[in-house]
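Take a look at this single chain in structure tokens; it is the form predicted alone.
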Amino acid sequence: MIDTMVIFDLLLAVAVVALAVASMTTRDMFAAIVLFVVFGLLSALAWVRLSAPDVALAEAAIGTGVTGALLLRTLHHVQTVERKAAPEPLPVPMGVQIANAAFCGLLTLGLAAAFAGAPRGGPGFDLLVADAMSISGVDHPVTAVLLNFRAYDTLMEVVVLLAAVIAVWQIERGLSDAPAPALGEVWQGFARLTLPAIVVVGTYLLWVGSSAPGGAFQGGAVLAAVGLLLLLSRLYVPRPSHRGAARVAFVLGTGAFAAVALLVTGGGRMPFEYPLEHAKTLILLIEGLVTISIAVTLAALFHGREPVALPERAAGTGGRDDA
């Protein structure tokens, strides 16, 4: 008799591939975003089936929830610009298209070659990680890898987020002049129940990451949802006076990583070679500050512009659609 979970896994694999193809080929941008969100949800389920709950949480929170909101926000912005009779975009030269296609093909071949050359049935790094857990400072192997054994990788991910928000703030500046939406009793009741619960869940995911699936990226993405809801409802409107605090929040994660690395090397150790008696404290410090940076950065990316008061003559060109 065929195992029902095998049938489920096969259907899940086919659905994931079909949704990926559909989201890339459809010409309706809104439909493509919806398909992408569904694709992310099923991908999270696939990671659960692969016994990778940490990746599943990250996919559901960041790859689906926050990214889906960012794509919808971008679509709205593009449609607003088109309604303002913006000039037609210049066509992409054929040489650029060919170069992009060649680059994507080479990348795909490289990934296929790496997959084909990977050892089959080996122990992987499980035994090495298990042997080093006693000096990692935490009890969860994924957190040990991300914040101790391979902390440089996590540092680069935080730097990428920082670079992204810097680029967005350099590209577009201005204040939103959209009117605040009329919020009824349903929204008020929803906010009273949901927003505190999101804060609790996000904080819990951060704290539990040292011993169970969770951590800074999952907790930060969940906390970013609070910012997205506040921006959508315009209960919070970014102002020029808020830029200083936002900039501090943006660099908290990167600054924490750099400060800990310098602190450790000052004691005669390699960067991120934490002293055993302080390892858990340093990792929790990094994770806590990284969580704040991720939450604020994702919310700022959703808002999409640096809150700066522009001269009146330039305000009409700064993309002043609603948040």
Partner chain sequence: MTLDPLTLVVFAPLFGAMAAFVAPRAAAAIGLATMALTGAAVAWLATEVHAAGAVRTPLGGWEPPLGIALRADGLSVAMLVLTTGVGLLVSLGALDSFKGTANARLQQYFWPLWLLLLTGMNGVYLSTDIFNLYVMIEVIALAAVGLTVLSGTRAALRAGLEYMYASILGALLFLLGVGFVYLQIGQLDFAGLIGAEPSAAMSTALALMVVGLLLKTALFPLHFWLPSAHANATAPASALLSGLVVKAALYIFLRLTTYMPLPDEILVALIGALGAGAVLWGGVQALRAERLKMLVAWSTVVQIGLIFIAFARAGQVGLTESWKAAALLILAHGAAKAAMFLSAGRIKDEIGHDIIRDLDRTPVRPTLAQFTFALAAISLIGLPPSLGFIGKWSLMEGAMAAGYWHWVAVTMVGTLMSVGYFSRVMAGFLRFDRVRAPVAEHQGWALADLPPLVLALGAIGLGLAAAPILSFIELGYPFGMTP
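Since we're looking at a predicted model, the values are computed, not measured. Here the rigid core means the biggest group of C-alpha atoms that line up within 1.5 Å when the two forms are laid on top of each other. Residue numbers count along the first chain shown, from 1.
Just so you know, the form predicted in complex with its partner chain exists too; it's not on screen, but the next bit is about it.
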Could you tell me if residue 232 has a non-hydrogen atom within 4.5 Å of its partner chain in the predicted complex? no
Touches its partner chain in the predicted complex: residue 259 (any heavy atom, 4.5 Å): yes
Within a 4.5 Å heavy atom cut-off, is residue 139 in contact with its partner chain in the predicted complex? no
Is the gap between residue 125 and its partner chain in the predicted complex 4.5 Å or less for some heavy atom pair? yes
Is every one of 129, 152 and 155 in contact with its partner chain in the predicted complex, taking contact as a heavy atom within 4.5 Å? yes
Within 4.5 Å of its partner chain in the predicted complex: residues from 149 to 170 (heavy atom criterion): 149, 150, 152, 153, 155, 156, 157, 159, 160, 162, 163, 164, 166, 167, 169, 170
Determine, after fitting the two forms on their core, whether residue 110 shows a C-alpha shift of 2 Å or more between the shown form and the other one. yes
With a C-alpha distance change of 3 Å or more, do residue 12 and residue 112 lie closer or farther in the predicted complex? closer
Specify closer or farther for residue 12 and residue 109: how their Cα atoms are spaced in the predicted complex versus the shown form, given a shift of 3 angstroms or more. closer
